[in-house]
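Only one chain is given next, in structure tokens, and it is the form predicted on its own.
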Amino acid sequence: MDKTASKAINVRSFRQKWKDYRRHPGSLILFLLVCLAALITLAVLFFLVVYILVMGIPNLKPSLFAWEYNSTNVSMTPAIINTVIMMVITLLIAVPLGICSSVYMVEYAKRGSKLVRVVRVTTETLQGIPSIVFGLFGFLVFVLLFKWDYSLIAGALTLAIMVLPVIMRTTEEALLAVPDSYREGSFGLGAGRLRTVFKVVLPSAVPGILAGIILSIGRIVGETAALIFTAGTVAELPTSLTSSTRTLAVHMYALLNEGLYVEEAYATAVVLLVVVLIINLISSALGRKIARN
């Protein structure tokens, strides 16, 4: 009985939508265009993933995962570890700065503040700047001016500047989406502003904040141009923050650029794809756990 009623409701809903489309043909055209765009996007994504897997999986071999890199095995193990280290350091710098800045703009600054408007325009502008520009900035400031040379810390600071606007904007939008009634209820119970922010507002905004962090992780893991100018291309594990390093994306670029290890570069692309997927799954799981608590 329930299935029959559900089918009847679906039929009536379809008929109603068809009548609306007949009265407004423009809506039908827009609907078809949206569906076409979604199909094209999925098709391109599917093609890229399948192409990488088909070209890369047959070239995976144990020597690519040796502990030390040399010109014979072109091992990607140091690059994988360097990628994780670079990601952790960058997030430790950018996430607290981005979240605290957004909390100030939403919770403490006056509504309509000129400073807030300037910061918003600046962050939106920085999001559209090519990564090569950030790389040149990091090279001039961290490598030459501060005399850190090509180093892990120079690359991490450059990436932190790159992802900071993304974290700030997504966190700000997440905080603005929290209803004011939550804040008013907390104030009514006698909680102060700081307690309200950390106990009520931020936990409610965790999904949006996490979305910005995941986007930042994707940009950190896949970045090459900025790191070539700041972190260098040394395929070794860093011994300090001033050691030159090579991330997985830079490692793949170096193999393709040399022209001698194209097959190994395809295998590296598969590993890079898997690493990004694993990191995103872990981040999503942690976000859901934090949101439940």
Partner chain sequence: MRKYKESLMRIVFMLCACFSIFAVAMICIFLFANGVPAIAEIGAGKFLGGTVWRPLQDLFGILPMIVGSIYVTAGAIIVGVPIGIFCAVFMARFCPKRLHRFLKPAIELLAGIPSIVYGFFGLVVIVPVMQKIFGGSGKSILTASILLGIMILPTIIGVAESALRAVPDSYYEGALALGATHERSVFKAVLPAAKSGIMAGVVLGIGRAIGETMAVVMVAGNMAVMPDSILDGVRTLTANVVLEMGYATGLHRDALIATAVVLFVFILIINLSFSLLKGKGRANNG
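Positions refer to the first chain, counted from 1. If you superpose the two forms and keep the largest set of C-alpha atoms that fall within 1.5 Å, you have the rigid core. All of these numbers come straight from a predicted model, not from anything done at the bench.
We do not show the form predicted in complex with its partner chain, though everything after this point is about it.
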Contact flag, residue 235 vs its partner chain in the predicted bound form, heavy atom cut 4.5 Å: no
So in the predicted bound form, does residue 192 come within 4.5 Å of its partner chain, heavy atom to heavy atom? yes
Contact test in the predicted bound form: residue 128 vs its partner chain, heavy atoms, 4.5 Å: yes
Close approach of residue 122 to its partner chain in the predicted bound form, 4.5 Å, heavy atom: yes
Under a 4.5 angstroms heavy atom criterion, identify the one residue in 211, 153, 97, 84 near its partner chain in the predicted bound form. 97
Does any residue in 94-113 get within 4.5 Å of its partner chain in the predicted bound form, counting heavy atoms only, and if so which ones? 97, 100, 101, 103, 104, 108
Is there a C-alpha shift of 2 Å or more at residue 48 between this form and the one not shown once the rigid core is superposed? yes
Superpose on the rigid core, then tell me if the C-alpha of residue 34 is displaced by 2 angstroms or more between this form and the one not shown. yes
